[in-house]
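In the form predicted on its own, a lone chain appears below as structure tokens.
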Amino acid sequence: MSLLPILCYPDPRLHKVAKPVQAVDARIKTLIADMFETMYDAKGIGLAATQVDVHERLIVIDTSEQRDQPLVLINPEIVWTSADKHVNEEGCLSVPGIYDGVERFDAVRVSALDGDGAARTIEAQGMLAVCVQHEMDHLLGKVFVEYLSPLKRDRIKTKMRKLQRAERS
């Protein structure tokens, strides 16, 4: 296993739409393991393959306190959403240090393949539902800051570019 570099906003590669995973083979299983290691190391609760510059429909999530409930969603599709929505404070490993409110469905049902390639359907509520929707946005080339006002988004872009320049010097 190895740590993967996480793309940082406003990197244009974060806006690529991911293609379906064709087969759950050794390459995908290695990618899953590397993504979990990267996510845990970065203290995140979710990571989409897009964020590590692999543009395939793959998400890893673990919202548990003990970090012992890994969830793999390959080629996920939302098949049901609750009627209710709430604004939740979100952050993102690709936009470090930035948190803001985003409206999401309270609950979702998702069909996907698991890490072994078996079809499954999960019902997610609360933090898990928010995380699933957030990560699925990445697969569509969307970063959570795009839900914010243009003014906030521009401020965040400026801040992120300054941080990236400072890290390079």
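Fair warning: this is a prediction, and the values are worked out from it, not measured in the lab. All residue numbers refer to positions in the sequence shown, first residue = 1.
A second form of this protein, the form predicted in complex with a small molecule, is not displayed here; the remarks below concern that form.
A.B. asks: Go through Ile32, Leu113, Val110, Val130 and name the one with a heavy atom inside 4.5 Å of the small molecule in the predicted complex.
C.D. replies: Selected option: Val130.
A.B. asks: Contact between Leu93 and the small molecule in the predicted complex at 4.5 Å, heavy atoms?
C.D. replies: Heavy-atom contact with the small molecule at 4.5 Å: present for Leu93.
A.B. asks: Do Glu56 and the small molecule share at least one heavy atom pair within 4.5 Å in the predicted complex?
C.D. replies: Judged by the heavy-atom cut-off of 4.5 Å, Glu56 is well away from the small molecule in the predicted complex.
A.B. asks: Going by a heavy atom distance of 4.5 Å, is Asp137 a contact of the small molecule in the predicted complex?
C.D. replies: Output for Asp137 is no: heavy atoms all beyond 4.5 Å of the small molecule.
A.B. asks: Applying a 4.5 Å heavy atom distance criterion, does Ile28 contact the small molecule in the predicted complex?
C.D. replies: Close contact is absent here: in the predicted complex, Ile28 is far from the small molecule, nothing within 4.5 Å, heavy atoms only.
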